[in-house]
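Below are two forms of the same protein chain, given as structure tokens: structure 1, then structure 2.
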Structure 1
Amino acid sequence: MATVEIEHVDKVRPGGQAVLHDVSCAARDGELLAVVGPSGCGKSTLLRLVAGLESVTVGVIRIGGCVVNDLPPQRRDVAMVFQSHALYPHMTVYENLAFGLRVRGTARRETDRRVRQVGARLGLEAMLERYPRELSGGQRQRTALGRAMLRDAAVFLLDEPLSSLDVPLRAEMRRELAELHRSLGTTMIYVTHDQSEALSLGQRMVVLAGGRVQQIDTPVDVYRRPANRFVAGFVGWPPMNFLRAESLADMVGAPAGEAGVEYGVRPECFAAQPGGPDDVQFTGRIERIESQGGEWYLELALRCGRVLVRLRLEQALTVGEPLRLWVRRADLHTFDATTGQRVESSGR
């Protein structure tokens, strides 16, 4: 069983700097678990602890049911892919792929068979005799993935492998990674600061902030039911709008606000027409307009503050003109204004 279990793990660096605080999560057998959070939240450190590149201060890490805290990296049955491709520049793609097999004493014929098989799977057949400097960023990343695949490891650990690629290539590589995971069925832990990668790739997500787990759930549930204000604002783009309950008092259809409560609404939840009698009506002035092809991104000044709005509209819009919008009551997220934790309301 290629499960990875992380139980109550702390990481404190020399000098007393605490990086991770009581982190508990698990990657199930064959699952792609995405770990996402802002820079400095401890996500790469967590991956390095699983790989054995750093030691745990407190807590337990199990791989396949076995405690690996004291095992060196080479005995943990993991393969790691870094942000930097870490290819040998003086070796061809073929030689880079074959290097690990040769070090382990694999027979020449078997090495050749496996290298060409992985090369074909990753679309590298025509590049096997090229050097890394002759490859595109995506081809270099596929070579690094192929080298990890040839390890036949129980667990793949991917540390922001796509962050150095440009946007179109990242989208292409996300599709390739998803297909690769489906075909291999290998347990993968994927670390990224890009919430769109976590949402599109992860079967479940671990959201970290300040070295602490904020939420563990499927991408759909993290998006639809964020556990707290941080998750709500971090996951999703443009980010969620937040308005104090008392500031909504003059909005038509607004819920009766209570002190210390904050409401969140995602930009795409605004509509140009009401959908029902319980919809909350927002009226404001357009402050900024961005066209995104078939969509408009607007900044709207309300009496209760400013909000970002994402709309599909046919008519032209003008800065400074008034605009009336509606939001379904069910699309208002409620958070405790002091703790930031989600507050469940009746019927939700």
Structure 2
Amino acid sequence: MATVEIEHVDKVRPGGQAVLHDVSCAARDGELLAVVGPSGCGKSTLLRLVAGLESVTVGVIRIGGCVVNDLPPQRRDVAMVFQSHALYPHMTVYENLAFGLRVRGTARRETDRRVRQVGARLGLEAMLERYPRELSGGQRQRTALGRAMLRDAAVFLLDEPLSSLDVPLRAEMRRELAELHRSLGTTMIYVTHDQSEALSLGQRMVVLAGGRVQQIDTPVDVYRRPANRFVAGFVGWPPMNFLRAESLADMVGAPAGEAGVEYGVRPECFAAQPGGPDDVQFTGRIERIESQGGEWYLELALRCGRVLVRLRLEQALTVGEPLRLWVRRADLHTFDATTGQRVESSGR
């Protein structure tokens, strides 16, 4: 068990490319910290820095309170599941799992016992004698996970471990990972580009973009109070609608007179009835309707721009009709139009 502290870390590649800028974040003891961001934002680089596979340009990394900047990966007590799995192609599943134990001189019988135990836990008993090339994607993923589990490390680093799996298997493995974290109680840093994965798995999440930390918070708080326009648009699906301040004319009861701001409303925050006296009212024309199960996805044309609306509604809707919807004041996010930073409304 250990904490991981990353403090003011910059990473500049040998070629001069700056990948991370002043990144600070920390995973508490036993916490599952999700790191999420678009492709190429530096997530894998961050994990490799923690693992010691690359060195920081500026800054400090501490594991369990000790500065590890100068420790090689072998001595950092971390386990890692790679984005590409990186199994040893010339070894069977059994040998892949046992390699770390053998390297550390574990007795043969003990190695065998633990490999079989982890193999059974991950449903790999029948695969132990196979080579990685003879496995399905999900089985390879489990093998990579098993190898990390047998490392018995204080910190678990997972780099998009589910990205190569199909959707049903991914959902299943996501549950298993959450279960694994609960039972092992190890500190985990989980990297993903899928915001829904971060929302569902992370106890807290770090949103990274362009090599900078955008926000660190619990998933609920990131979702409810995104720190800036980027986070607001990145976390949550379908993405948040953004309205320029000029579209205030469409809204009744919006906080008036604030120039240079942008409003954001999540598609699922619209309601067909007013919920309270200070709700904001929207009026627009229905442009497009899509039904998904019991839900409607509407495109509503306001006077300046369109918004996507997710609505649970019994009554039938027709394209071209006008529609009036309400949004709770608390669900109306305000961002500075130039900096993109969240503007806290004075009411709260």
Partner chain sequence: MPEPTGVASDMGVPTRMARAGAYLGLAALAAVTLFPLLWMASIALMSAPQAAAGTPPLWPQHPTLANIINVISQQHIGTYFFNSLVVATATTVLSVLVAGSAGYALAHVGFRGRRVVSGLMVFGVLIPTQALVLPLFEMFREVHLVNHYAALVLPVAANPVGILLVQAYMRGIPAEILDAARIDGASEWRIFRSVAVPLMAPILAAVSVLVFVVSWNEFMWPMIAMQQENMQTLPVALAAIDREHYQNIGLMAAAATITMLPMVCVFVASQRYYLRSVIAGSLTG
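Residue 1 is the first residue of structure 1, and the numbers go on in sequence order from there. Under this definition, the rigid core comprises the largest set of C-alpha atoms superposing within 1.5 Å between the forms. Treat the numbers as computed from the prediction; the structure is a model and nothing was measured.
- Only structure 1 is derived from the form predicted on its own.
- Interdomain rotation between structure 1 and structure 2 (smaller rigid part relative to larger, C-alpha based, rounded to whole degrees) is 13°.
- Lined up on the core, P89 has its CA atom moved by 4.8 Å between structure 1 and structure 2.
- CA movement of L122 between structure 1 and structure 2 equals 2.6 Å, with the two forms superposed on the rigid core.
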